[in-house]
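Presented below, as structure tokens, is a lone chain in the form predicted alone.
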Amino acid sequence: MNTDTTLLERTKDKRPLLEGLSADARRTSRPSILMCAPEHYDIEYEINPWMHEENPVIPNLAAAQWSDLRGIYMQRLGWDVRLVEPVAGLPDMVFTANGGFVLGDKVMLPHFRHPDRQGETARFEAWYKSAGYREIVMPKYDNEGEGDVLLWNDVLFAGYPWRSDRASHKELAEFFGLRVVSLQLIDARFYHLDTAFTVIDSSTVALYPKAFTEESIAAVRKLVPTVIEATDDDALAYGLNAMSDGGTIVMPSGAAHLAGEYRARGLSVIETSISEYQKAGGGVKCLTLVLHE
């Protein structure tokens, strides 16, 4: 498939891909997700404030933590977990959330800002093709996939500027036929949207206010009925880098305030350790790409 074709040429039918499917049905169904085993995961470069080459990954612990998370998804929740092959020399492929944004049969590939990660794009593209996805495009502007693009009902919340360009948000809107709300991140520690923002269900999100401009927070509050605010401790524990199906939320251990807020609202909460992945600025969500169907 020719990914050089322009977005406008490839997007002949711009009707929302979610038309006819209720928000509650989308958020409570069992997700299909993509993961990548941490066979080659390590800290081989420094491209965010969390990464330090003198603080290497403990391979056995990283493998155990990843396996625990996969087991939660498959055995405890019954989610459909698919795997992309890890590749030597691409240690961050384990963070599949950055491998694009997928909705229906459409895929927008990642356009990585840092050269260290740019080799991942071809590997993810090959997986999408082998999985039968029909419309695959390469954005013109930097866009690091679901790390910076989160689906809430018929809205895409899209983060910038640390890893994705705001100009890429227009590409998202044109290709997927959905409204895009741009959210500006202002703390380099929270360099991707999914490090400071969680979609909980059709009426609820959680966010870390200090990671965003006031205008961005106001834009979220204008649309979302319930906005849960994370504390400093929640955010630094990577508690917002989480996965929710609308009934159960899987999140890193250590974000006590957020976990309590979720339980008080009737959510089931599963906490799991991701300490080896936080060394690279990653967590539960970073390890998980949702294949929105």
Ligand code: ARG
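The numbering used is simple: start at 1 and walk along the sequence shown. Note that the structure is a prediction, hence the values are computed from the model and not measured.
From this point on, the text means the form predicted together with ligand ARG, which you will not see here.
- Partner contact region in the predicted bound form: 184-192, out of 102-110, 199-207, 73-81, 184-192, criterion any non-hydrogen atom within 4.5 Å of ligand ARG.
- This chain is displayed alone, yet in the predicted bound form one of Val227, Ile58, Ile47, Ala64 has a heavy atom within 4.5 Å of ligand ARG; that residue is Ile47.
- Of the heavy atoms in His169, none are within 4.5 Å of ligand ARG in the predicted bound form.
- Within this chain, Ile274 is remote from the site of ligand ARG in the predicted bound form, having no heavy atom within 4.5 Å.
- Shown alone here, Leu289 lies farther than 4.5 Å from ligand ARG in the predicted bound form, counting heavy atoms only.
- Heavy atoms of Phe95 reach within 4.5 Å of ligand ARG in the predicted bound form, making it an interface residue.
- If you take 102-120 and check each residue for a heavy atom within 4.5 Å of ligand ARG in the predicted bound form, you get just Arg117.
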